[in-house]
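Below you'll find only one chain, the form predicted alone, shown as structure tokens.
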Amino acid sequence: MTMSIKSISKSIWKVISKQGAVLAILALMILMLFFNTNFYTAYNWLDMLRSAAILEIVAFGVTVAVICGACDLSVGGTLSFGGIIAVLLINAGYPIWLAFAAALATGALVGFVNGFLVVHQKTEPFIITLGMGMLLKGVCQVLTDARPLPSKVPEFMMISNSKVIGSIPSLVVYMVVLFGIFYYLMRFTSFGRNCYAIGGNYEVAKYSGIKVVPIKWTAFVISGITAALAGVLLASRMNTGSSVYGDTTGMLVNCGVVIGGTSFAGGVGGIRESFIGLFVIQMLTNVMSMLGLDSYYQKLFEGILIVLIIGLDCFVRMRKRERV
């Protein structure tokens, strides 16, 4: 009995120690035991999940691109653009479903262009997607005259602000459903397995018969679609489209994905890891708000946490390579 408990505890520790993000979550949870706050209430945890939902949805698509050995910094601009397109069409009298479809189509188009330039033309994804994000921000400012664009249709606001099964926010439900879809896609389909193969070794995957170009190209399209979807959901939540949405989304999401354990080198990580990485950032923000820290201290500690977790991850990987 003692041996079984010891072996189970060792197995749990082995899983936890592989991810610095999990350790960070545990550390924050232990820290909050010493303060008299509402941290451990169901309301607060649901609020954290709702607040993280938009970035998590963006991260699911970005993870596919990162596993393929790329990155996508255009998601902030795509998010803003998708939300504005949806609000513009809804205000013009088009049905909500059509506005949704048009926004997703624009996201797919952005991903298609990113994929063409990065995969087909073999350019640097960091530079191309960063430039695309800046371009889209400029387009958003032109479309809105750099002002908030409120929706004139009340039903649009209810998409992200309703609740299901009692008190569960609809955004949390959307996030959970998409998590399940992307987890299945990356773990149990040939597309997902091919993405890992491409990220692990592009040339080997190519000569193994995997269609590396269309698969990696599709990864960018998926990233664009999820970013546009998140933009529509954010516009619904705020009942407004705006060019200021997504200013830090690209860097924050890509950092969160890496924090969770999905490597920019490709072929390592997954949807679950990215979910944990983004949730760490949201939990840290929640903890600091409850402790009454000023916003500039929050940015300071967020930066420190990101550097520490990524540094720990790099150190562990380096030690593993040395043992080999």
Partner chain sequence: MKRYTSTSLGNFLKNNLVLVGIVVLIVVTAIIEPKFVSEANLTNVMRQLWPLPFIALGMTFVIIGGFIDLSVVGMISLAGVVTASLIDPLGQVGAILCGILLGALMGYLNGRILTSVGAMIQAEVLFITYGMSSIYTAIALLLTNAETIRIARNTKPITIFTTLGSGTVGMVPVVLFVFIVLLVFMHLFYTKTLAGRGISLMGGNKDAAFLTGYNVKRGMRLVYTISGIMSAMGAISLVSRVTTATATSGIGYETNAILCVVVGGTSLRGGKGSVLRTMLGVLLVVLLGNCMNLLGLSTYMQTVMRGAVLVTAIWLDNRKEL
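Everything numeric in this text was worked out from a predicted model, so none of it was measured. Residue numbers count along the first chain shown, from 1.
Not pictured, yet referred to below: the form predicted together with its partner chain.
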**OP:** Using a 4.5 Å heavy atom cut-off, state whether F126 contacts its partner chain in the model of the complex.
**Re:** yes
Subject >> its partner chain contact at Q121 in the model of the complex, heavy atom, 4.5 Å >> reply: yes
Subject >> 4.5 Å heavy atom contact, F264 to its partner chain in the model of the complex >> reply: yes
Original post:
At the 4.5 Å heavy atom threshold, is A52 in contact with its partner chain in the model of the complex?
Top reply: no
**OP:** Choose from 186-194, 249-257, 163-171, 221-229 the stretch whose residues reach within 4.5 Å of its partner chain in the model of the complex, heavy atoms counted.
**Re:** 249-257
Original post:
Judged by heavy atoms and a 4.5 Å cut-off, are L73, Q141 and F315 together in contact with its partner chain in the model of the complex?
Top reply: yes
Subject >> The single option of L130, L149, L89, M238 touching its partner chain in the model of the complex, heavy atom within 4.5 Å >> reply: L130
Original post:
Which one of M134, V176, I159, L109 is close to its partner chain in the model of the complex, taking close to mean a heavy atom within 4.5 Å?
Top reply: M134
